[in-house]
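A single chain comes next, written as structure tokens; it is the form predicted alone.
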Amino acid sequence: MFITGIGWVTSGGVGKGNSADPFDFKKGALPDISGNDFPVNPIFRKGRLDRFSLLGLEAIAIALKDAGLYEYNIKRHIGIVASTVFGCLVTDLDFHETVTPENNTLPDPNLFTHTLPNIFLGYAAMLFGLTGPNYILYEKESRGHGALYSAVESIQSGECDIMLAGICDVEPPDGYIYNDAFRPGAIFIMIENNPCDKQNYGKLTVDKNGNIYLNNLIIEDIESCVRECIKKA
């Protein structure tokens, strides 16, 4: 398996692997997300997306561009798996505020649409013609090892030849306690089983103990994977 694309939106900025964009995954507020990387689609209105969905979809779009898989004529069997710590909790709480009797308001149908963490994966499938499996994993830290391992496993089992693996989290809600290592942001990498002569960032392998290697270096999380890819690039 080979990594062929990288895209990220973090507090350090927005970028892709095959560019001069600096990669900095650190604590802090995320930048405004424009959605300018989304393709034009008459039935898709980005203004309705919650911030969590905007964040994840932006990073996916950038990774697809970096891998040369942004545009398509026929649908592709490409899957997505993403790890998250808080998921769409911020959106859930905002929706809850619209249904509490004290506010004397009607439930917000737009917020309700985004009260599942995998909604942005559905948007990605619709906009980019992706027909592979897509799902969300919850992890205690923003590492993404579970998503990376699951994507590799899907390719090894023959379920899918191309997978996007990543992490996605907006800033946690006020008053919520979280691990000191938590950092908001979205990072996605494209993994292909057989990219032929296509440019790639390195080879992924897995040993019998489940350890993941990139160019013979053990990879503990999505961040270290991206840093190693950029170093090679």
Partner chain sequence: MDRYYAGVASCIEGLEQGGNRSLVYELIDRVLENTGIVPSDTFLITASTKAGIDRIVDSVKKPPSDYSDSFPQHIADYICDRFSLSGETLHISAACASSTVAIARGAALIKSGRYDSVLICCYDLVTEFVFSGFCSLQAMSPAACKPFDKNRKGMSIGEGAATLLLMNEKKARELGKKTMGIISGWAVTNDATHITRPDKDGCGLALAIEKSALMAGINTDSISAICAHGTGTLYNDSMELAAYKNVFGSRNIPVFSVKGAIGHTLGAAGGIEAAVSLKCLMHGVIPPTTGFTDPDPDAAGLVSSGPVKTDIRCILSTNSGFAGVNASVIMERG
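Residue numbers count along the first chain shown, from 1. Note that the structure is predicted; figures quoted are calculated from it, not measured.
Here the subject shifts to the form predicted together with its partner chain, a form of this protein not shown in this document.
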Can we say Gly28, Asn73 and Asn200 each have a non-hydrogen atom within 4.5 Å of its partner chain in the model of the complex?
no
Counting only non-hydrogen atoms and a 4.5 angstroms cut-off, does Asp32 reach its partner chain in the model of the complex?
no
Taking heavy atoms and a 4.5 Å cut-off, does Pro22 contact its partner chain in the model of the complex?
no
Is there a non-hydrogen atom of Asn216 within 4.5 angstroms of a non-hydrogen atom of its partner chain in the model of the complex?
no
Exercise: Asp174 in contact with its partner chain in the model of the complex, heavy atom 4.5 Å
yes
Suppose contact means any heavy atom within 4.5 Å; which members of 200 to 220 contact its partner chain in the model of the complex?
Lys208, Asn209, Gly210
